[in-house]
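Before any questions on binding or motion, here is one chain by itself as structure tokens, the form predicted on its own.
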């Protein structure tokens, strides 16, 4: 059975990127991010990472067109920062600076209004991080007017970090007996202003298609690419429909900004770094993201959080098989810490001081034939890859 997400036009396995491996300057090929030797600072590595907000800008565009409120774009700033900073910390790096890239169709988007609200969003995130002891510098970027290439808009960021080569987290120290500690993607930490649905930036294409009403694509054809006429919005909700099960509107759930885990993880690393064998940011690949680190490890996740309501809604409306839901989405676990058992309770205690729900969600066992993952859930037991 083929994934509904794949049918929507997205390849979660990102086939083709292996073409670049032979030209990478990477000191630790098995680490979560590429690490290059710092040419000017012996003993240190540079981590340069780039990522965007996925198709969230399309959802924000829809809200703006329906309401005229430019503030719907603001959360995209946090999305692109979180998607980068929460990846680079997975190798033990500390962030230095970032640049943004905003591509706009100026014939459809209010360019000045968009840039103003994104600037405000970046400033707010920088201040939140700074208040938690995480210094991050903004170093400009690029704004591109591309009316013939971009249907609406796209936004991404590129971030630099630095890590001592003696303290790089490569995942090679992951061993049988290590526990997997999960950090919730939904809810509200004490450094966040609003409740988060937990969706982050992955799976938005399927979510938009299965939840939003078809009349939106008829009203705004620029929000959908369908050269053969087969792709379509097929949902039954308006963006401002409030659902009790979500505790917010459908649109608010889809646009909930990706959580900034960096304040929590950097504090955990500072206190218990010697007990941590791996860190995983559950973005593209969802709960199977752990498969990319470690060697001959069988990850068993049998004590997961109940998925946040947005994931239940997406599965119900799209009929995506549960096995693929765990591969497409974080399903309520936005970040994982793989650590020695003796430090688990202390790590959880630090996280909970931020009002971030955290618990042991599984354990590592030995595998004889490469990395494997078993998910045991109320929706079934699934094996990956």
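Positions refer to the first chain, counted from 1. Here the structure is a predicted model, which means the values were calculated and not measured.
One more form of this protein should be noted, the form predicted together with another copy of the chain, which is absent from this view; the next part is about it.
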Flag residue 146 as yes or no: does it have a non-hydrogen atom within 4.5 angstroms of any non-hydrogen atom of another copy of the chain in the predicted complex? yes
Discussion item. Can you work out whether residue 345 and another copy of the chain are in contact in the predicted complex, taking contact to mean some heavy atom pair no more than 4.5 Å apart?
Written reply: no
Heavy atom of residue 55 within 4.5 Å of another copy of the chain in the predicted complex:
yes
TODO: Evaluate residue 153 for contact with another copy of the chain in the predicted complex, applying a 4.5 angstroms cut-off between non-hydrogen atoms, and reply yes or no.
DONE: yes
Answer key, another copy of the chain contact in the predicted complex at 4.5 Å (heavy atoms) among 243, 165, 99, 312: the residue is 99
None of 259, 281, 208, 301 but one has a heavy atom within 4.5 Å of another copy of the chain in the predicted complex; the exception is 208
Of 222-230, 248-256, 190-198, 301-309, the segment with heavy atoms within 4.5 Å of another copy of the chain in the predicted complex is residues 222-230
Applying a 4.5 angstroms cut-off on non-hydrogen atoms, the residues of 120-139 near another copy of the chain in the predicted complex are 122, 123, 135, 137, 138, 139
